[in-house]
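In the form predicted on its own, a lone chain appears below as structure tokens.
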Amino acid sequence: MSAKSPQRQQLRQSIRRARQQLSPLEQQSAAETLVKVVLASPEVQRADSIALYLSNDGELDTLPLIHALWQQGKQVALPVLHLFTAGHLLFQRFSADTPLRPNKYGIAEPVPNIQQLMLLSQLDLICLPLVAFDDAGHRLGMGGGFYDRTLANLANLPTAPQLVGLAHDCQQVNAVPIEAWDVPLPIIATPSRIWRF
């Protein structure tokens, strides 16, 4: 089964449609509730540097969480498409005055600035987007494999960031069809609860 397998593609389409159908009020409520859930977690309370992402395609809005983390004095980083290694991500410090631009997928990301890059080992926590998840911590992404490739060698780092998936509750499914390269998540946070696997 490949990343483009019919089963994975159908699941992606179905869950993306479900989250895109959430009303603006439902989206706002979910984002605000997620802030409370995530800030209460010991993993976030212990973390000084946290990578997030800017939401796209009906994903749970991360801006309220980013602002709340700034208020707590946490350092926030965002993913940037790797300039030299196709299919990989870099993480760059993000503040209120960081200039943004759309990447080749139309997703806002910081204008690349080598002085603001952060190594994976400098991050305490990485919050990942996902399309679907199951109660075993399996994550189905958009199919590009950017996070899977970027995080494939975390176990080789002397200090590795903890991974946390962020999702709407409607993105939970019975079982995600998995592949060998999929990086399972130890933690997934939704507006209603935190899952630990």
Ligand SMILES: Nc1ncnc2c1ncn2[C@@H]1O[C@H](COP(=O)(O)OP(=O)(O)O)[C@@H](O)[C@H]1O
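On a predicted model such as this, the values are computed, not experimentally measured, just so you know. Residue numbers here begin at 1 and follow the sequence given.
From this point on, the text means the form predicted in complex with this ligand, which you will not see here.
Note on the partner interface in the model of the complex: the residue among Val37, Ala152, Ala68, Cys170 having a heavy atom within 4.5 angstroms of this ligand is Ala152. Shown without its partner, this chain lists Asp135, Asp48, Glu32, Asp148 as candidates; in the model of the complex, only Asp148 has a non-hydrogen atom within 4.5 angstroms of this ligand.
Interface membership of Gly58, defined by any non-hydrogen atom within 4.5 Å of this ligand in the model of the complex, is ruled out. Though the partner is left out of this view, Arg19 does not reach within 4.5 Å of this ligand in the model of the complex, counting heavy atoms only. Within 4.5 Å of any heavy atom of this ligand in the model of the complex lies no heavy atom of Leu54. Not displayed here, this ligand is approached by Gly144 to within 4.5 Å at the level of heavy atoms in the model of the complex. The chain is drawn here without this ligand; in the model of the complex, the stretch among 37-45, 159-167, 60-68, 136-144 whose residues come within 4.5 Å of it by any heavy atom is 136-144.
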